[in-house]
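Starting off, we have a lone chain in the form predicted alone, written out as structure tokens.
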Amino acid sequence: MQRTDRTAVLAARPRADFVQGPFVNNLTERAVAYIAAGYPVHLRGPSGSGKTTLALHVAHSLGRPVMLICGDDEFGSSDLVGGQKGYQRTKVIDNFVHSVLKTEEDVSERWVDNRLTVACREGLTLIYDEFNRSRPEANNILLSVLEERILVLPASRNGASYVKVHPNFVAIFTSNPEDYAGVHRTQDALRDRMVTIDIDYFDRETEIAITRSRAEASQEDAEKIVDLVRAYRATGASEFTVTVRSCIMIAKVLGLRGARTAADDPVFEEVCLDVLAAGAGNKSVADTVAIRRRQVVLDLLRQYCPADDGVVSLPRRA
């Protein structure tokens, strides 16, 4: 039996620009409390709501190495547990009596554990990111892991038919809502074994702090950009979900190009339209919809980022 590549095991460390505030601290404390009580935690929310980053932050607070799995529609249970990976040959040559040569060969299938098995056996913190992008039948193997604390292994595996889950093993799951493309409905039995924390978008103060930290923007610029993005999100005009990532994108590009957070700055206008108003390129979408979307962005620009005296507030990067 051989283990998976040890480089798959991560040491969770806080990002240098990770923002902690009341909103994030509350989510972290709740997740840690549920884990301490013996329950897997499921962080569910829209794309860009910070689920994966929060999961890694919670894992860091637990102080154990992390095994990361990303959900995939092509997964089968063997992609989680392990499987046969070729053959292993052993050969014994006996020449104890110099005039007699005895050779014995044996060929056997070679089993390699995958990440779930390694995490269960060694007591790692499992982060199963977007687990509902894997098919439900692939995730059925988790039922006994989370409830009976036993990982049942295929009969084809050499040796024991199950792994007793290490006492330090904990599981953190993340997922997008079920109306997202490429997402499967989670089976009730698995959902019943975990505590789900629904994560919405960050509050205004947290989004401002994240934008300042990740884009190295000033307080004033971060406030303008965040208010603009939040107002656009509230209109429902966007074809895609706009999150704090949009704030960071806008602020970073403006910093690189030395532009102003002002409606009369053509660079600022251009970047906001690119980040916020772009559609999917679907020809079936009427031109009037795209025009309306752009007009909404321009109107909000004038409202939240009025023309100023021309002073550049965002720093120019080297």
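Fair warning: this is a prediction, and the values are worked out from it, not measured in the lab. Residue numbers here begin at 1 and follow the sequence given.
From this point on, the text means the form predicted in complex with a small molecule, which you will not see here.
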Contact flag, residue 202 vs the small molecule in the predicted complex, heavy atom cut 4.5 Å:
yes
Would residue 65 count as a contact of the small molecule in the predicted complex, using a 4.5 angstroms cut-off between non-hydrogen atoms?
no
Could you tell me if residue 18 has a non-hydrogen atom within 4.5 Å of the small molecule in the predicted complex?
yes
Taking heavy atoms only, is residue 52 within 4.5 angstroms of the small molecule in the predicted complex?
yes
Going by heavy atom distances of 4.5 angstroms or less, which of 80, 244, 170, 163 would be at the interface with the small molecule in the predicted complex?
244
Candidate from 186, 176, 114, 134 lying within 4.5 Å of the small molecule in the predicted complex - any heavy atom:
176
Okay, which stretch from 118 to 126, 206 to 214, 72 to 80, 221 to 229 lines the small molecule in the predicted complex, with non-hydrogen atoms inside 4.5 Å?
206 to 214
